[in-house]
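Below you will find one chain, with nothing else, as structure tokens; this is the form predicted on its own, and questions on how it binds or moves follow later.
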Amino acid sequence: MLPVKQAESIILNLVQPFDGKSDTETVELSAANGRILAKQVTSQLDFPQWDNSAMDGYAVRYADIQAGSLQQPAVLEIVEEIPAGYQPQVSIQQGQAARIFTGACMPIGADTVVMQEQTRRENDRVLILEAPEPQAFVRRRASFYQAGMPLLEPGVPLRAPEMAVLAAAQCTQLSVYRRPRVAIFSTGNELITPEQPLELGKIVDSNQYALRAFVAQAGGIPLPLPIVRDQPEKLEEAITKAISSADMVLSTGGVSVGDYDYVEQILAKLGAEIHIHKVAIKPGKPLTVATFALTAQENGGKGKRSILYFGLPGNPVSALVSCWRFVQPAILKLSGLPQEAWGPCFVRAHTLTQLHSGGNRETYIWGQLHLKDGAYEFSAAGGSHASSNLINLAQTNGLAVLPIGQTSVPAGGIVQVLQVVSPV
């Protein structure tokens, strides 16, 4: 069995990230949320685009008000009112001021804004009761960003802040990486769909739905395939179809040592190179990782392509733990994200419950991770932690990790916790 870190390293080394030219598409800004930039973005606009006021108050010449005080206010004539969105019509001359509002354009001649709380208005005059610093409350053109400079770099996920920046910069067409296509299928004679009647000995295929959600949350496009029965010819047909349409394949079941576990046999028959058979992890020991090297002809004339295949355990918890620990970093690397975003992300937490492990494999205990008073706390899910019990997996957002050789962590002790939320 491979150690967990070695298995992670092998998997990430197998991933060939999307190419910044051939694996991209152009999308409208309105469709860019959640996508990953493939090309650097610049804008032809300065930020701010013009000098503007950061306060409600009066635009003035500093030379006119620098000696103003409560005892001897500077008195200025108000020659214009400038709300936001209005283009000033008057240049400010000596002894003049303009009433101005936050975000409004600074008029020519003015170089400072006096906030209204430091003034008193008398008809068409304003008394400056306290002089601010020179150029106070003026946001200068290009002080935030200069036109033509890099605005956002390739590999940046587009979320709410980035969407706001792009909209303000009037960047309406964006080059983004295409989403990874991930084929998903479950194997087993015992499996039925949720719509079918449950008969004695049958099991509902929950893995299909869990992995669809997992792939979508990691930024991929799930390509669900029908349940595959434990027949070599059916499995060969399913794998052939999956690798012809996807960048990555996730299958569950058929990777252990039972009489009906055919996955590795069929992978070898189809020419895959198998890199991992088992990992010293609990849950999730049986894990098959293989690659298919497609020729340009096999890839429809689009150049050579490598397909990464994960044969996951059939038990629902084992399948998801394997996904969180190994598959998610692979999808994130493939997607075009920079290395620091691939994960996995571990945090130190105080465990509120005592944790146990057999000690012979790196053990992952599912539960809830919370931030309280600036420190993380972990609470293991109640009930059985058998890999076939998915009921208490609900609301899991962290996996406490007990390394090989460590059999317990007392309540109140420190433990490493894998966060299972995707950064995309």
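This one's a predicted model, so the numbers in the text were calculated from it and none came from an experiment. Start at 1 with the first residue shown and count on from there.
Below, we refer to the form predicted together with adenosine monophosphate, which is not included among the displayed structures.
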Contact residue in the model of the complex, from C105, L191, A110, A290 (heavy atom within 4.5 Å of adenosine monophosphate): L191
Single option in S206, S175, Q116, S306 placed near adenosine monophosphate in the model of the complex, where near means a heavy atom within 4.5 Å: S206
Adenosine monophosphate contact at N315 in the model of the complex, heavy atom, 4.5 Å: yes
is_contact(G311, adenosine monophosphate) in the model of the complex, heavy atom dist at most 4.5 Å: no
is_contact(G343, adenosine monophosphate) in the model of the complex, heavy atom dist at most 4.5 Å: no
Residue contact check: T353 to adenosine monophosphate in the model of the complex, 4.5 Å heavy atom: no
Location of adenosine monophosphate contact in the model of the complex, chosen stretch of 181-189, 87-95, 152-160, 242-250 [non-hydrogen atom, 4.5 Å]: 181-189
